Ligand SMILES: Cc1cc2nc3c(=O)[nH]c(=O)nc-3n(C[C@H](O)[C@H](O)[C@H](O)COP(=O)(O)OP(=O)(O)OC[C@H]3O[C@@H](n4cnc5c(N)ncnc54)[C@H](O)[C@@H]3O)c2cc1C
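Shown below, as structure tokens, is a lone chain in the form predicted alone; questions about how it binds or moves come after it.
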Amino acid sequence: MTTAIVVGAGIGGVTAAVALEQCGWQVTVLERSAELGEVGAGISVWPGAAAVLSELGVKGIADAARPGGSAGMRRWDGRWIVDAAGLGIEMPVMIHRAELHRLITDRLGPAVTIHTGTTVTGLTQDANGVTVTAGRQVSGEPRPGDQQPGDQEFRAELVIAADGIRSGIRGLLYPEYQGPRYSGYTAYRGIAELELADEGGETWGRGQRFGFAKLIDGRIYWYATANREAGGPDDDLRERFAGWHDPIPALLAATPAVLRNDIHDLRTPLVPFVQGRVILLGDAAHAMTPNMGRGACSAIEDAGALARVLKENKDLLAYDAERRPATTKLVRRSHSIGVLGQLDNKLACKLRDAVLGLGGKAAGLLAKRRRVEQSPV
């Protein structure tokens, strides 16, 4: 049996562990957090990622998820820019992030061993395998290359770095790489305890956006963005979005806790995603802004691609050849959407809304024409 180490037990990491185990590998997962699990709110699961999870035997997603609505896009005052009903576009299902993580970890079998509270501080590789140095944090913030009391070594034939946008493994492999760059805006997320008839959608204003969607249990997952300096003090979202259309003020009022993250991405392409026996996966390789809701799904699809490469006994660089072009496009496209959505100039926003409105009408007409052409005579 071959052996692998997965660094990071987020959605991408545990999906990789499931995939490797099903390929017949013995897997060790090293997770920095003290407990296994995910912190977050809602998450979109797109068909490509759902197909990977289905192939891996992950069950229960259909019962725990709700089909995403197709409400479209509005202005801050509630006027529709794009009404997505009838466009016939492919939509994701919505699920709570922690629930998706639980469903994936439920699929882990006896060949997977998980070590929590464990931080990787070093990595060396040779022709036969990779040695990872890791230990429990004693004091301060461990850095790649630091030695901590009680450090231990883990040895395997393959290492999968799924340790996020600030990946320590990436830093060890590519010390000159620029790393994450701030997008210029902050994101807020929450779960509102509120019953709504509104199917949701996204609202664009000047320098800020707000979107929401229903979860299977009736609660509302919402997210918002605002142009601001990174690391600034928290602000009052009720005041920031005061005057925006219903139900935005009510959603904020019905939210017990708000998560805040300054948004970064890896806009400079990382080349390649494979170095020797080490593979970068998910945000460690291609962190993107959340504007397309594809970050976690891309990590899941990475794991699926890795499993195919291993099953077919291909060179590991086949993983890079498949995943780097696809994810590079997503990173760039998501960044571009963010630039457009965060426009602050009044005239530019009016022009943006007008162009998007015309594009939505044209797409609606094309979708209607396709339905007519495909309908039986």
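None of these values were measured; they are calculated from a predicted model. So that there is no doubt, residue numbering starts at 1 and follows the sequence shown.
Beyond the structure shown, there is the form predicted in complex with the named molecule, which is absent from this document and is the topic of what follows.
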Requested in this report: Spot the stretch among 123-131, 255-263, 75-83, 171-179 with residues whose non-hydrogen atoms come within 4.5 Å of the named molecule in the model of the complex.
Outcome: 255-263
Requested in this report: Would you kindly say which of V52, L30, V331, V27 lies with a heavy atom within 4.5 Å of the named molecule in the model of the complex?
Outcome: L30
Report summary line: Only hit among G207, P247, G184, G293 for heavy atom within 4.5 Å of the named molecule in the model of the complex is G293
Query raised in the report: Within 4.5 Å of the named molecule in the model of the complex: all of A9, R97 and T119, by heavy atom?
Result: yes
Query raised in the report: With a 4.5 Å heavy atom cut-off, would you call I220 a contact of the named molecule in the model of the complex?
Result: no
Query - Any non-hydrogen atom of R107 within 4.5 angstroms of the named molecule in the model of the complex - result: no
Requested in this report: Give a yes/no on whether D320 approaches the named molecule to within 4.5 Å in the model of the complex, heavy atoms considered.
Outcome: no
**Report entry** 4.5 Å heavy atom contact, G164 and the named molecule in the model of the complex
**Finding:** yes
